[in-house]
Structures are given as structure tokens and as C-alpha cells.
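Below, in C-alpha cells: the form predicted on its own, a single chain.
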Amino acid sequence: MLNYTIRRLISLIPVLLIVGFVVFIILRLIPGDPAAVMLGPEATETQIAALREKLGLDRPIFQQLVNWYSNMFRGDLGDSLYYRQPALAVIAQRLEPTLLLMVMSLVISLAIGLPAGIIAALKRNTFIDRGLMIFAMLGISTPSFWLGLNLIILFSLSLGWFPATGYVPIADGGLFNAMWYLFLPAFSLGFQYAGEQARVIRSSMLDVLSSDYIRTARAKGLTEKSVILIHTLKNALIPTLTQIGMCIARLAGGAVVTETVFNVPGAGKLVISAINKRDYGLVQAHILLVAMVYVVVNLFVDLLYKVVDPRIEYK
């Protein structure tokens, strides 16, 4: 397993190189000059040229790319052009609401999706199964931003139960208050993933329930509870773990839209602002971090397979 883990970590290097190259080129194809955006419409050509030289934007694209790669291998993902600080430091200042939003969204999706999928599998081809699968398809098909806007109208503007927008840091208002502000955005984000998890766990459980060893377990007189919890659910977890891992990785990028809708000052909203300001360093650092989350989470999920099923061998 150690050799497998090392190989997977080494494979992270070409992934980051390719992602970095693509992001670097695409950002520079976006119309607009960062120096002109920073100085505003009243700036003269001389002022813009001076700032471009100061920021290193006047150098050839290839030279900028090589310099950025060399800094990246030293653990320096560059500086924010707008904030004049290391990009990682700027992102770290906005990570709290994003991480809390990701955790709450995942918990909500698991709390809704897993029970729904299990019940649907146990009640196969009944009206309960069909109703839960319609509910799952509704979750998958509903855009998080559309659901978020409707949640704001209903629970914030009409009923007044939850704040419509914003966020209160844990240090200022406590954990409960921070979660209260993030409940609606977390639900709008987690509801979509709950539908995916419900479909995956239902399909996996149906495959396991039709296996010979499940019929044998029942023939031996095991209780239905033991058959479901010990034999069926455990063996149906591997596809579910894969889906949960992808859900975590996608939450790292999917929070961007939700944070914008609810005006949550997190890393996702920060990168949208950075794109509008042509803050190349900040956008590149954020996307590289998201790519790292994808690779690391997938590796962690692959290693969990061995815990769930000891028969799995890594080569």
C-alpha cells in the first residue's frame, strides 16, 4: 500500500503541471489588462505601462510561465496582483466559511441521501421506492443557485427564519451562529448531492441483495437486520465511497456559485472577484488547490477501499 500511495502522490506532479499550464494560458486569453483594471479608467498609458513592468506583466508569456513553475516547485504559488500579498495567504483568510460550508453540505447530503437510498432499495418497486427516486432526480436536476434563490425568498424574506446573506465568523459569533448563517447555502448545495448518493446506494444495495451469499445468510436463519447492516450495507459501500469522495472534491469548486448567491465571503466568492479583477496569481493558486483536493481525496477514498474490503490488493 505504501508503494501505491507514493506512486499516486508522484502522479500529482504532472497533474498540477498540466492544470497550471491550462489555467495560465486561459487567464491570459481573457480580454482586459490587470494593470488597467487596478488603476481604473482614469489611468494614463504611462501609468499602466509602469505598473505592468512592476508586476512583471510586460515580460514574454513563456518567461512568466517558467518563473511561475519555478516558484511553484518551491511552494510559492505566487502573489495576488490586487492584494499585494502571497496568494495562499489571501485564500487562507477566506477559508473558514468555505470549509464550514463544505462540511455542512456533505453532512446534509449524507443525512438525506443515504437513508433515502437504503429505504428505496429495501422497498424496491413500491410507491415508496418510486417516490424517493423522483425526489432524488429532483435533487440532481435542480441547480443549486435556483434552489438557493427560492430558499432565500421562502425562509428569509417571507418567514424570516434564516439570514438571507452574509456570514458571521466563528471568532465573533460562535460556531452555532456561523452554522445558522450557512444553513440555507449548505442545504441548497447538499440537496443536489443527496440525490446522487441516494441513486448510488440504492443501485449498490440492489446488486448486493441479489447475491448468492445474501440468500445463503437468510437461509441460515440470520435476522433481516443482520443481513442488511452487516452483509448488505458493508458490501455496498465501495461505490458509495467513490461517490462521496467525488462529492467532497466537487464541493471544493461547487461552493463558488453558492457563495456568490448568498454573498458568503469565502474562497469561492474570492476567486470570482479575482477573475473580474484579472488577478492572475490568485486565480491560479485557487484552481491549483482545488486540483490538489481532487487528487488527494480520490487517493484517500482508494485507500479506504482496503478498510471496507480487505480482499482488495494494491499493485
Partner chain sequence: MSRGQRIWKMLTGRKYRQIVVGVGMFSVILICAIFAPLIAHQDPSFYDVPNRMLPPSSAHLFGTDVFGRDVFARTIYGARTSLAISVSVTVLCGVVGIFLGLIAGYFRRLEAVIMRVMDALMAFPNILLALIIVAALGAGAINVIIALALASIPSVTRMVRGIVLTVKEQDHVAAAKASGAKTGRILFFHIFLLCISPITVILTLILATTTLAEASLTFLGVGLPPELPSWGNIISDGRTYISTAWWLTVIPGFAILWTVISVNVLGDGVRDMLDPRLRNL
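Basically, rigid core = biggest C-alpha set you can superpose within 1.5 Å across the two forms. All figures in this text were calculated on a predicted structure; none of them were measured in a lab. Numbering follows the first chain given and starts at 1.
Omitted here: the form predicted together with the partner chain. The next part is about that form.
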Is Leu9 part of the interface with the partner chain in the predicted complex - any heavy atom within 4.5 Å? no
Is Thr242 one of the residues lying within 4.5 Å of the partner chain in the predicted complex, judged by heavy atom distances? no
According to a 4.5 angstroms non-hydrogen atom cut-off, is Ile61 in contact with the partner chain in the predicted complex? no
Hey, in the predicted complex, does Trp161 get a heavy atom within 4.5 angstroms of the partner chain? no
Whether Ala50, Met72 and Val168 all lie within 4.5 angstroms of the partner chain in the predicted complex by heavy atom: no
Of these, Arg124, Arg84, Arg215, Lys234, which has a heavy atom no more than 4.5 Å from the partner chain in the predicted complex? Arg124
Look at the stretches 179-187, 131-139, 72-80, 85-93 and give the one with heavy atoms within 4.5 Å of the partner chain in the predicted complex. 131-139
Scan 258-275 and note down the residues that get a heavy atom within 4.5 Å of the partner chain in the predicted complex; none is a fine answer too. Thr260, Val261, Val271, Ile272, Ile275
Does Leu299 move its CA by 2 angstroms or more between this form and the one not shown when the core is aligned? no
